[in-house]
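First, one chain by itself: the form predicted on its own, in structure tokens.
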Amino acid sequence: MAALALIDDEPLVRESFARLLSSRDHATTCFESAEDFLKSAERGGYDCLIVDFRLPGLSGCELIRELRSQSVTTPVILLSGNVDESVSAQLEGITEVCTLDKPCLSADLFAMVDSCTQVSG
């Protein structure tokens, strides 16, 4: 079982992903914004972060950069409706980040979570 943080501003996405991940016995804590996640006491206590690219306030990439500047090296799965060159350019130089198109197949999400949590755990 992995401890996951899911950061997405869409309630339906948070609810469906959390339910899906719990079917694989992953403990998933949901946050509605990057700022909410940064305020949490256990921001470094997760095996993997699942972060939406487009968040109000700090974007997913900005959140990842902030965490890396604080030496938080938790693997991240960045969700985007369209992973293209502009997303890749924003991720340049950031380590331990995988991208996943949204919507995604549950098998793809599970495989990526498994891959990220094996690296960190």
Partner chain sequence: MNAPDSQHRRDVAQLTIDQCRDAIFWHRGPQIVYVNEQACRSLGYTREQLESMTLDQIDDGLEPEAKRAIMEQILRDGSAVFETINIRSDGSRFPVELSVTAHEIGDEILFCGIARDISARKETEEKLFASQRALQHKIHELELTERRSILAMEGGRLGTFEWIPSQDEGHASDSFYRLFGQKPGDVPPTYRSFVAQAYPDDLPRIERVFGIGRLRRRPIAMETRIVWPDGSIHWIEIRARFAYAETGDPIRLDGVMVDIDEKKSAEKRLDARQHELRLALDASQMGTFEWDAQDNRIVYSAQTNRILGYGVTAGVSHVEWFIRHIHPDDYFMIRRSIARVRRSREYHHLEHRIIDAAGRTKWIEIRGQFVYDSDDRVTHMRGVVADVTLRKQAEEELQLRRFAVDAAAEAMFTIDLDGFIVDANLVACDRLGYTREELTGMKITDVSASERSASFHESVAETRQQGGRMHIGRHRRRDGGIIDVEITARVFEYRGQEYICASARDITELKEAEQRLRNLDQQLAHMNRISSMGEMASTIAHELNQPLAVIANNASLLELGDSADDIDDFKTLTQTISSQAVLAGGIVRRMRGFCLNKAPTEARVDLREVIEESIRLLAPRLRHAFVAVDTKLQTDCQVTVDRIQIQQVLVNLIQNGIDAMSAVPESRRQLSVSVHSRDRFIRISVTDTGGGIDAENAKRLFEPFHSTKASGMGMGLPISRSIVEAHNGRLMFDNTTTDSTTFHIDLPLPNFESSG
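Residue numbers count along the first chain shown, from 1. Small disclaimer: the values here were computed from a predicted structure and weren't measured.
As for the form predicted in complex with its partner chain, it is not shown, yet the points below apply to it.
Legend entry - Triplet 16, 52 and 110 all within 4.5 Å of its partner chain in the model of the complex via a heavy atom: Yes, the whole candidate spot contacts its partner chain.
Inset, instruction - Decide whether residue 98 counts as a contact residue for its partner chain in the model of the complex under a heavy atom distance cut-off of 4.5 Å. - result: No.
Inset, instruction - Using the partner position in the model of the complex, report whether residue 57 sits within 4.5 Å of its partner chain, counting heavy atoms only. - result: Taking the distances in the model of the complex, the answer for residue 57 is yes, it comes within 4.5 Å of its partner chain.
Inset, instruction - Check whether residue 45 has any heavy atom within 4.5 Å of a heavy atom of its partner chain in the model of the complex, and answer yes or no. - result: It does not: once its partner chain is placed as it appears in the model of the complex, residue 45 has no heavy atom within 4.5 Å of it.
Inset, instruction - Could you run down 1-25 and flag each residue that has a heavy atom within 4.5 Å of its partner chain in the model of the complex? - result: Going through 1-25 in order - heavy atoms within 4.5 Å of its partner chain in the model of the complex - the hits are 8, 9, 10, 12, 13, 16, 17, 19, 20, 23.
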